[in-house]
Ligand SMILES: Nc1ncnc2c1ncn2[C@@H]1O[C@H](COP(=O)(O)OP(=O)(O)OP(=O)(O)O)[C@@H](O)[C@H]1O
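Just one chain follows, in the form predicted alone, and it is written as structure tokens.
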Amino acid sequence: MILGVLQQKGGVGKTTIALNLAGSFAKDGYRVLLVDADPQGSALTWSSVRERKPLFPVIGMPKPTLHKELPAIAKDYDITIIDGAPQVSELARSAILACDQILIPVQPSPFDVWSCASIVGLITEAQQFRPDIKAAFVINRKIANTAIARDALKAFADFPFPLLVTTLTQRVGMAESAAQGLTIVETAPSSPAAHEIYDLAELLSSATKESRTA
């Protein structure tokens, strides 16, 4: 599986989600590769500050030819996760075409949901060439003990992709683990934050298994 964590809007937590999903999959015994396709190189920076033995390799490929080059590399791994670039359409298009499945992080406000129109348009365009590409939204940085705004939920109805039932809450532990080059499944494996990541990883891997057996 090649999974893209993609969003044209910056600051939505793509890298944090990509790294922590990779950590969860790796802890479950999958051979995982994380591809930093963002010119800012946040995932590579995370990897460089890590002092422990890596759970998974991180490589940089912010290239508009990613979809052509990545399959040959990804075949040696069970799961490859792409941390995509915001706002750079040619990089986003290539990342989308490389993916089997796309996760679109969005913060729980109508304004953030409306900003998803550009990435939805790019995915829909790519599906003309690769109809098998799947995509779904995930709410990220939900404030604990609050309901997702009704207007935000309504806004998703305008898009052709589903909203996952699993949500990710704003947690200080995520930032603290990232600062050490670690994932939440390493620093706090029994925490609510880690269990949200486990749930999301299970949901994504289950969907992939179902599509393969359909």
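So that there is no doubt, residue numbering starts at 1 and follows the sequence shown. None of these values were measured; they are calculated from a predicted model.
The following text describes the form predicted together with the ligand, which does not appear among the structures shown.
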{"query": "Candidate stretches 32-40, 158-166, 46-54, 65-73, one within 4.5 Å of the ligand in the model of the complex by heavy atom", "finding": "32-40"}
{"query": "Interface membership of residue 108, the ligand in the model of the complex, 4.5 Å heavy atom rule", "finding": "no"}
{"query": "Proximity of residue 200 to the ligand in the model of the complex, heavy atoms at 4.5 Å", "finding": "no"}
{"query": "In the model of the complex, residue 170 touching the ligand (heavy atom, 4.5 Å)", "finding": "yes"}
{"query": "4.5 Å heavy atom contact, residue 24 and the ligand in the model of the complex", "finding": "no"}
{"query": "Contacts with the ligand in the model of the complex, stretch 2-24 (heavy atom within 4.5 Å)", "finding": "9, 10, 11, 12, 13, 14, 15, 16"}
